[in-house]
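Below you will find one chain, with nothing else, as structure tokens; this is the form predicted alone, and questions on how it binds or moves follow later.
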């Protein structure tokens, strides 16, 4: 990864931060994106920073343009942006449903759209759909649907991007202790067993980026 230009969206999140730290240790040149400017500046990780709300389609293009402006190229895009909501569908507000699909589904699509126009042959796009995209659960139906949509998108994008020798990785780690479940858009998280350590999950994802993997099912993290 030495000298590779990597754009990490959601860099202040539990998993995004762990991925950024891992890739920095491998010699990658990072562009870190988050909508939380204060947390972004506080990150003890080398890299250029830009605070953007990626729910705005123009911001996705701006993130890619910023990375290009700083490094002159874009080799890897890692999308670690995500939100969660809990509860039966009939109890979720329309606002919560819109937020789930805007962040978990539309942001990956819009970032990929922007990145594809900037990447040369050999580029890598990583989206994190999670184990919920393999088997949805009651009380998480809308959240699971938003992540399953991303997995479906990645499946087709893999074939589209193959013509340009761009690799797409859909990562589906099991429950990970990122703290996301404690910050739901709505609802309250059910009792969960102890999740995986973010650093361990990040290591597997970063190995895949540096290697040749094209898919990371939940079994890859066991």
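Every value quoted in this text rests on a predicted model; they were computed, and no experiment measured them. Numbering follows the first chain given and starts at 1.
Below, we refer to the form predicted together with a small molecule, which is not included among the displayed structures.
Participant: Within 4.5 Å of the small molecule in the model of the complex, heavy atoms considered, which of 103, 149, 112, 96?
Facilitator: So the residue touching the small molecule in the model of the complex, by this definition, is 103.
Participant: Does the small molecule, in the model of the complex, lie within 4.5 angstroms of each residue among 21, 47 and 167, using heavy atoms as the measure?
Facilitator: Looking in the model of the complex, the three residues 21, 47 and 167 all stay beyond 4.5 Å of the small molecule (heavy atoms).
Participant: Which one, 173-181, 152-160, 64-72, 24-32, holds residues whose non-hydrogen atoms are within 4.5 Å of the small molecule in the model of the complex?
Facilitator: Looking at the partner contacts, the answer comes out as 173-181.
Participant: So in the model of the complex, is the small molecule close enough to residue 197 to count as touching (4.5 Å, heavy atoms)?
Facilitator: It does not: once the small molecule is placed as it appears in the model of the complex, residue 197 has no heavy atom within 4.5 Å of it.
Participant: Taking heavy atoms and a 4.5 Å cut-off, does residue 52 contact the small molecule in the model of the complex?
Facilitator: Looking in the model of the complex, residue contacts with the small molecule include residue 52, since a heavy atom lies within 4.5 Å.
Participant: Just to confirm, residue 80 within 4.5 Å of the small molecule in the model of the complex by heavy atoms?
Facilitator: Within the cut-off, so yes.
Participant: Using the partner position in the model of the complex, report whether residue 85 sits within 4.5 Å of the small molecule, counting heavy atoms only.
Facilitator: Output for residue 85 is no: heavy atoms all beyond 4.5 Å of the small molecule.
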